[in-house]
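Here we start with a single chain on its own, the form predicted alone, put down as structure tokens.
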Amino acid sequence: MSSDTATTTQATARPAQAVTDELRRWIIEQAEAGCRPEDVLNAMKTAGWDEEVALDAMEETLRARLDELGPRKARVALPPGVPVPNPDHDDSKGPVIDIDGHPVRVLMTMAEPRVMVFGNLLTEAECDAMVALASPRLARSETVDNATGGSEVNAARTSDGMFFERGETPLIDKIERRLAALVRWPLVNGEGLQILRYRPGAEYKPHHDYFDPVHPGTPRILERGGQRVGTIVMYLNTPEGGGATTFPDVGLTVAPVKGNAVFFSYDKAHASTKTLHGGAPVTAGEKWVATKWMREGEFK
């Protein structure tokens, strides 16, 4: 089943949808980044919003924004871009990147946003070993609390998860070193690996991985290593159905295949990076992933 079909099925069963302040901020971000209204609408529909609710939310939000700005036009200066992780690959070098004798296949590349899909990033044995190590430590997944900089359970993320400390075991250390070499980013700038398990019906609605500067808790979060600038999502199994990684802003869907991974980077904390992404609902079986986030500076 495709991610679009899975999302539509899940949306039809959803009760009346409430338009939140977070959604309004996101709509304004998209508009001020120059996104077309039809693209914003399609992104909301992909995320499970009823079309009529989405249209009303867009109209009311943007009208209120124009009233707030008065006769001025909405001219928002984008924050400056920063260096980001970037694998050493171009088409002339062939489809394989050798990382200390481990061949990683380049399956897909995209320039804007910067997205790469890798094959054989992890071996089957490594995937199975990480699942076994993580299983006894799983708990309901949390997300960053933007108001305080701490963490909280969020209805948008219906999974179980845990974190490994950086270099916690020889296996984790080996994988982290492989990732650092692949994307040419300092090992110490990486957060600890997060392992997530999604059961049938579980999903992670579209979101950005950077920390939004408008939230009061962001300065506290940035003290630990600056902004996030890159993400690698590794698939530790192949679900029986659903569970794709979606990028609604660019219409990209990445199938979850054991051992494969998707990498993307974002040089500014802004929707103009087009890195809005989500995990489509799992429709059968379970989905296991390992996520590595990379910061601007050393993560402590």
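Sequential numbering from 1, following the sequence displayed. What you are looking at is a predicted structure, and each value in this text was computed from that prediction instead of being measured.
Another form exists, predicted together with a small molecule; not displayed. Remarks below refer to it.
Exercise. Going by a heavy atom distance of 4.5 Å, is residue 46 a contact of the small molecule in the predicted complex?
Worked result: Result no; residue 46 lies far from the small molecule in the predicted complex.
Exercise. Does residue 89 make contact with the small molecule in the predicted complex, using a 4.5 Å heavy atom cut-off?
Worked result: No.
Problem set entry | in the predicted complex, residue 283 touching the small molecule (heavy atom, 4.5 Å) | Close contact is absent here: in the predicted complex, residue 283 is far from the small molecule, nothing within 4.5 Å, heavy atoms only.
Exercise. Taking 4.5 angstroms as the cut-off for heavy atoms, does residue 164 touch the small molecule in the predicted complex?
Worked result: Residue-level check for residue 164: no, no contact with the small molecule.
Exercise. Hey, with the small molecule in the predicted complex, do 207, 233 and 277 all fall inside the 4.5 Å heavy atom range?
Worked result: Answer is yes for this spot.
Exercise. Which of 106, 172, 181, 196 has a heavy atom within 4.5 Å of the small molecule in the predicted complex?
Worked result: None of the other options qualify; the answer is 196.
Problem set entry | Heavy atom contact within 4.5 Å of the small molecule in the predicted complex, the stretch among 196 to 204, 97 to 105, 111 to 119, 126 to 134 | Residues of 196 to 204 come within 4.5 Å of the partner.
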